[in-house]
Ligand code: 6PG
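Given next, in structure tokens, is a single chain: the form predicted on its own.
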Amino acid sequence: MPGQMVRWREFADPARFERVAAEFILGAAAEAIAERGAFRIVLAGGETPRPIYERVAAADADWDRWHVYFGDERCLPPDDPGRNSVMARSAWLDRVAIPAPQVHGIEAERGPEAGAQRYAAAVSGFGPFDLVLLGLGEDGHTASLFPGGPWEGVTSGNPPDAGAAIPPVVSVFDAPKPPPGRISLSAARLGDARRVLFLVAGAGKRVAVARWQAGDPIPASRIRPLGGVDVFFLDSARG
């Protein structure tokens, strides 16, 4: 598999980081709708994207052409504030007119296996996503793809078939951060995208960023779209 091509952009000002990221998302949407009539985006969780989502929500966009997916979800009740979907809805999705059937949540309340099986159907039947948004953990994880997890060797079939495709959605049972049960798009499905944007913020991410830049095989380095990835890194402590 070819290596990952990364375009780095560092920011010292949070407001500029948020504005440029929101413009990146809205620009990708406008381009996709003009070219293909629809925009398929995968959302990241955590707190870093929240102010960016709020900026996007305030924009004038063709919301009826947007189709929203999630990179991962925690196996918690549907309205639990720890779920990525709850954050995304409060910051953005509940504020705009995206048709409800076009917001494809992960049914993580069903548990890692059943939820993953159902979400695999939701992300199948079409080609590349137009834009995938991802974050970066201090250990180098992205979505719920943690270092050393079984996902790194997962293939379909039992026993695994070396010639089989990696499933588009993986079950996580032992995440090192609570809750242990998660559902995540696979590295291959996350990388099947026209654009991938990592949103990284905070001094606590410096070590992970340095490892990534040095070529260490952290999980984030496994996301390998043909066009490469963009990384927006906010480190306001250096400003």
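Start at 1 with the first residue shown and count on from there. Not measured: the values here are computed from a predicted model.
From this point on, the text means the form predicted in complex with the named molecule, which you will not see here.
Interface residue remark: Arg36 is not counted as part of the site for the named molecule in the model of the complex, having no heavy atom within 4.5 Å. Though the partner is left out of this view, Ser85 does not reach within 4.5 Å of the named molecule in the model of the complex, counting heavy atoms only. At the 4.5 Å threshold, heavy atoms of Ala143 reach the named molecule in the model of the complex.
The closest heavy atom approach of Arg211 to the named molecule in the model of the complex falls outside 4.5 Å. The stretch that touches the named molecule in the model of the complex, counting heavy atoms within 4.5 Å, is 44-52, out of 59-67, 44-52, 24-32, 187-195.
This chain is displayed alone, yet in the model of the complex one of Leu131, Ala116, Leu136, Leu93 has a heavy atom within 4.5 Å of the named molecule; that residue is Leu136. Along 67-85, a non-hydrogen atom within 4.5 Å of the named molecule in the model of the complex is carried by Asp72, Arg74, Asn84, in order along the sequence.
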